[in-house]
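Next comes just one chain, in structure tokens: the form predicted on its own.
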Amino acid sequence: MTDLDCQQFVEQVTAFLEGGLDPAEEQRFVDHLALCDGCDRYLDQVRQTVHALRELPAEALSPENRQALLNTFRAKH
């Protein structure tokens, strides 16, 4: 396995997808991905979720519900 563990991998998924990792971090991420089937599936699930959410119309969520979701997310992170 690589020097990046699965927990660190999960923590870096968003940065990876947004191009926010520096070259060394990105290489560690890709090295781990090549060796870990579980993280490969996790990354695929995140990509599918992001793609599905992009298909939703912006007005599908009321401002009140949007704020409630943001408050819940912020309280957990």
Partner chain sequence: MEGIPPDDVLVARLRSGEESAFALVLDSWSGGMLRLARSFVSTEESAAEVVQETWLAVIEGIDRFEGRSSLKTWIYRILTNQAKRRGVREHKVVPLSSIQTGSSADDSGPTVDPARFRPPGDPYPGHWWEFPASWPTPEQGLLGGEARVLLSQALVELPERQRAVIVLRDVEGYSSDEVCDLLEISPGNQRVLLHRARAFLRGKLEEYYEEAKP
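Under this definition, the rigid core comprises the largest set of C-alpha atoms superposing within 1.5 Å between the forms. Fair warning: this is a prediction, and the values are worked out from it, not measured in the lab. Numbering follows the first chain given and starts at 1.
There is another form of the same protein, the form predicted in complex with the partner chain; it is not shown, and what comes next is about it.
Using a 4.5 angstroms threshold between heavy atoms, A24 stays clear of the partner chain in the model of the complex.
In the model of the complex, V30 stays away from the partner chain, with no heavy atom inside 4.5 Å. Within this chain, A34 is remote from the site of the partner chain in the model of the complex, having no heavy atom within 4.5 Å. Within 4.5 angstroms of the partner chain in the model of the complex, the stretch 32-56 places a non-hydrogen atom from each of H32, C36, D37, G38, C39, R41, Y42, Q45, V46, Q48, T49, V50, A52, L53, R54, E55, L56, taken in sequence order. Taking the rigid core as fixed, one finds a CA shift for V10 smaller than 2 Å between this form and the one not shown. Positional change of G19 between this form and the one not shown stays under 2 Å at the C-alpha, relative to the superposed core. Core-superposed comparison between this form and the one not shown: the C-alpha position of A60 differs by no less than 2 Å.
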